[in-house]
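For reference, the chain that follows is the form predicted on its own, supplied as structure tokens.
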């Protein structure tokens, strides 16, 4: 299994055989076209560059358009690279959701929802000051720097700032179902990002701990 580029459709729920309700995320995974194949002889490692989606040709830079024309890939919107251990691939080949199967474990990589500039209560879960007895701190962060030494704010101090909009990996998600006809992958739990956001689906890297 190599992996796929997909788009988060949204969340829903399914019922297991014992009647238990399970929250799941539906991902439109692929089909993805192989734009380039990297080899150990030329690049030092095995990998394939996959493309997903489409966009107007006028919005693609000329160097990128020339790169896409080499494999007759069309006007792809997203290009990402996936490494693999073994297998034979060639440019122009199409990979789809059939490489996944129910019961498998996957990692899903996406960009978390951006929440803009936030304070310490929302960003770092500070509880804030007391609401009685004349409290003046409220939602303020409180003391931030040492006095005489080192006379500066320590790096990594939890302060207000931009929240969200970061690359996040949801690990070891269980594949609940695969709809090959509609290129849909159903995984248990939530994945990063908003609806219609692009995600990467790949084989789980870290083994799941025994429960």
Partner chain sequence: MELLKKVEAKHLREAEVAFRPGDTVKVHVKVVEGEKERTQLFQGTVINRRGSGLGATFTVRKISGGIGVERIFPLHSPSVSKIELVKEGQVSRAKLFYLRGKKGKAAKVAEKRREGPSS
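Residue numbers count along the first chain shown, from 1. This structure is a prediction, so every number in the text was calculated from the model and none was measured.
Below, we refer to the form predicted in complex with the partner chain, which is not included among the displayed structures.
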Answer option from 37, 26, 174, 170, heavy atom within 4.5 Å of the partner chain in the predicted complex: 26
4.5 angstroms heavy atom contact with the partner chain in the predicted complex for residue 200: no
Distance check, residue 186 to the partner chain in the predicted complex, heavy atom within 4.5 Å: yes
The partner chain contact at residue 14 in the predicted complex, heavy atom, 4.5 Å: yes
Contact of residue 43 with the partner chain in the predicted complex (heavy atom, 4.5 Å): no
Per-stretch contact check against the partner chain in the predicted complex, the hit in 159 to 167, 138 to 146, 63 to 71, 174 to 182 (non-hydrogen atom, 4.5 angstroms): 174 to 182
Neighbours of the partner chain in the predicted complex among 108 to 128 [non-hydrogen atom within 4.5 angstroms]: none
